[in-house]
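This document opens with one chain alone, in structure tokens, the form predicted on its own.
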């Protein structure tokens, strides 16, 4: 369980302190799929970085399973079970995808297991297992590989900062299915996603709306989502120039309901 208590975060602009996050408190229990949404510039991604330990709060405290992690480093938090998938994934020149999955898992992952992680995010394993994680990969490919590393870690709290950024429609639909599977298999862990995509909000257990650095409202999806539909906090998957929602392609699945990669493996 993650707890934020009276968290504030200020930045210095010239000689003036600007409040980015202001007195934010909420709890993410185990076995919950939570989405933080809200207008752009409201502080959503800053909250994700505070949870991961990339930024340190100006005031307030963070607790993981009752232990104060406010002053813990990114590495310490990762060891305690917090995974963080950035909005723009990092490239690792000289490291192959299989090596990255093994590093993420903290153990020797078999090629077969690595292929399963890649298949779950819609990548043809034989085409990627020995690829170097460098500039030859597109943003969408890097995003899916990063999510595969989070799956390999299997941590207590998985934080995704706008996972839909930079990926195509097919990949986005595949991503939704990955998150649905993660939600259905949650056990003594939780998932936190920063997003304003309606399709992601629709599969959340709870929704937290952040605006102007503060909690605007929060609660079960059934209570919060209806008030967000049609606003900047709940954007549809794709709206063409006609203004009508685009049709969403159906993603082929195998007999177990897992997405089938686009290429024949």
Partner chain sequence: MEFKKLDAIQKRILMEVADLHSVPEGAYNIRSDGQLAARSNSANIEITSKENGSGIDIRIKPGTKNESVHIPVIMEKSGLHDVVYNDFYVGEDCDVIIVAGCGISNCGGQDSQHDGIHRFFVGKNAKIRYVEKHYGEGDGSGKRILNPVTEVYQEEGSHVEMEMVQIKGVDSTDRSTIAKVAKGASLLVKERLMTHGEQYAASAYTVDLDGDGSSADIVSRSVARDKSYQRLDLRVNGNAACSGHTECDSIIMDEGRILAIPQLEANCTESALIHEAAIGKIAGDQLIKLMTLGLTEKEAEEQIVNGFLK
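Source: prediction; values computed, not measured. Positions refer to the first chain, counted from 1.
Another form, the form predicted in complex with its partner chain, is not on view; read the next lines as being about it.
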Proximity to its partner chain in the predicted bound form (heavy atom, within 4.5 Å), stretch among 79 to 87, 114 to 122, 156 to 164, 187 to 195: 79 to 87
Contact flag, residue 94 vs its partner chain in the predicted bound form, heavy atom cut 4.5 Å: yes
Residue 141 within 4.5 Å of its partner chain in the predicted bound form, heavy atoms: no
Contact flag, residue 203 vs its partner chain in the predicted bound form, heavy atom cut 4.5 Å: no
In the predicted bound form, residue 103 touching its partner chain (heavy atom, 4.5 Å): yes
54, 99 and 146 each touching its partner chain in the predicted bound form (heavy atom, 4.5 Å): yes
Stretch 10 to 37 - residues with a heavy atom within 4.5 Å of its partner chain in the predicted bound form: none
